[in-house]
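Below you'll find only one chain, the form predicted alone, shown as C-alpha cells.
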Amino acid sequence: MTVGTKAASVKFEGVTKAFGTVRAVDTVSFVVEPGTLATLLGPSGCGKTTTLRMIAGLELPTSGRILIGERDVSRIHATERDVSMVFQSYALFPHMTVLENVCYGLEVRGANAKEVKDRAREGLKLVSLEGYDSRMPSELSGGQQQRVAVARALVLEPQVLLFDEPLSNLDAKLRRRMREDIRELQQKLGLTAVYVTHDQAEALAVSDKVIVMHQGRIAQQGGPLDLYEAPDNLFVADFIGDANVVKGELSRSGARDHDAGPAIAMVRLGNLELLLPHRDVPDGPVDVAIRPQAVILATTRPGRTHLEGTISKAAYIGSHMEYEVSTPLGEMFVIDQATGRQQPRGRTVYITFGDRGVTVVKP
C-alpha cells in the first residue's frame, strides 16, 4: 500500500456553514499537515461533525475555502474528492462477507478483479484480520467490525482519512486498544487523518494536533501538551482533563523571570503565593486552573504555606481515589493515587500544589 505517498494537507480558510439562521460552523480556520493526525474535539453540538462532513464533501460551506493539498474543493462534492471516512456505526453491508465489504469501494472504482482482492487482503492484513475473508459482519465482535471498516477505507488509498467518532460503540478497554491501533497504523502508513471525538483522553492519546471547538468556533488548537498545560480560556481548561478554576490575584512585582524560561509573576490564592508564568495576563484578579492531579493532600499540617480543607466526598475508583474537598477557594476535585490511605468524609486535610498542573488562564 502506498497511502503515505498521497497524503495531503487539509486547510480551512474562514469557513462558515449555516443552516438557515444557525451557524453550525463559524469562521473556522486551521491546517492539518500531510501525514499528521488532527482531532476535532468538543461537546455535542459544537460543530465538529459538520466540519468533518465538509472535509468529506457531504456538506458544502456557506462561505470560506477548503483546500485538500493545493486543490480548492469548496464546491466539489464527495464523489469527486480523494477522501475516505470511517463511520461511528461501521456501515458494513450485512449480506456481504468481510472480504466483499473491503472490496466494495475498489469494485465501484472499476479496478480489475485480481487487484481488488489482492489489495483487500493486504488491507485486512494491516488491521490484523488475515483469515477472516469469508466471515459475515454478524460473526465479528464490535472491535473486529471496526477494523473491517478501517480496512475498507484504507484500501482506497485516500489523500485524507476521516474518522467520525469511530470508537464510541466500544467498551472502555477495547476503545483504548483500538485507539492505539489506529494511531500506530496512521503513523506507519504516513496518513493524513482527521478524527472526531468528544472524549478528551482519546484526543490527547492519538493526536498530533487537537482542535477544540465550542459553539461553532475554535476555542484553541495546538499539541496535546500545550492544550493540557496551557489552556487559553476557561472552556478549554475545564473541558480538557478537568480543572478546578479558582480566583487569584496576579502581581509581577517581586517576581523575577527565569533566565531561559517563561515570564513569571506572583499569584496569590487565598493565603498561598505561587510563582507561575503570567502568560501576558495583566496584574490584578485572575483565573487559575488547577488540575485534579496537581492537588497534594496531607493529614498533618505541612511546614510550608498551605490551604486547609475538609473532605466532602470520597470515591474509590480502583487505580486512584477521587475526592471533593471544601476549601476557602471553593470546592476542589482531587485525584489521589494513594489508594492505600483513603480519607473519610469530614476529615480535615492540608493542601499544597505540585510543580505542574497549575496555570494562569487568559481572560
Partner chain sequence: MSRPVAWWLAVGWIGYAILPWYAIEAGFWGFSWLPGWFDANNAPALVQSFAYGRWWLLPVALALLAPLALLGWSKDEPGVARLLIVVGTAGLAWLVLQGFAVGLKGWSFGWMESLFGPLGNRQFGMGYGALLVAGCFIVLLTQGLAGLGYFQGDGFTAGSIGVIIATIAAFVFYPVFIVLVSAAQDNQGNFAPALFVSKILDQEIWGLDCVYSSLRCGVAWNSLFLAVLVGVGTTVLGLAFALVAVRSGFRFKRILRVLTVLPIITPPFVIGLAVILMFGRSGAVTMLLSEHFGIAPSRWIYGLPGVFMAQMLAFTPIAFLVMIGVVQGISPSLEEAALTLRADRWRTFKTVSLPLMRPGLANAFLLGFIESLADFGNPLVLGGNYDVLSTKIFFAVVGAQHDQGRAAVLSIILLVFTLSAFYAQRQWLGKKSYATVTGKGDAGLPVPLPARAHLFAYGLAVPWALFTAVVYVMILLGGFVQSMGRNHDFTLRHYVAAFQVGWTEHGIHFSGAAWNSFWTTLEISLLAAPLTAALGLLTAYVLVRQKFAGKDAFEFGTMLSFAIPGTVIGISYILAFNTPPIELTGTGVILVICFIFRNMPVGVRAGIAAMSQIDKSLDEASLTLGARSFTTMRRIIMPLLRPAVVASLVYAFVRAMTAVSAVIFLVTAQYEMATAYIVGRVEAGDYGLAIAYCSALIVVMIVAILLIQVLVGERKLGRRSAAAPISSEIQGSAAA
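Keep in mind that this is a model prediction, so the values were computed, not measured. Heads up, when I say rigid core I mean the largest set of C-alphas that superpose within 1.5 Å between the two forms. Positions refer to the first chain, counted from 1.
Missing here is the form predicted in complex with the partner chain; even so, the following discussion is about that form.
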| query | finding |
| --- | --- |
| Any non-hydrogen atom of P285 within 4.5 angstroms of the partner chain in the model of the complex | no |
| In the model of the complex, L60 touching the partner chain (heavy atom, 4.5 Å) | yes |
| D232 within 4.5 Å of the partner chain in the model of the complex, heavy atoms | no |
| Partner contact for K125 in the model of the complex: the partner chain, 4.5 angstroms, heavy atom | no |
| Listed residue that, although the partner chain is not shown, lies within 4.5 Å of it in the model of the complex (heavy atoms), from E180, E130, E80, D171 | E80 |
| The partner chain: the contacting residue among K188, K247, K114, H95 in the model of the complex [heavy atom, 4.5 Å] | H95 |
| Contact check for F87, Y104 and R109 against the partner chain in the model of the complex, heavy atom at 4.5 Å | yes |
| Answer range among 114 to 122, 263 to 271, 277 to 285, 95 to 103 for contact with the partner chain, defined in the model of the complex as heavy atoms within 4.5 Å | 95 to 103 |
| CA of R135, rigid core aligned, shift of 2 Å or more between this form and the one not shown | yes |
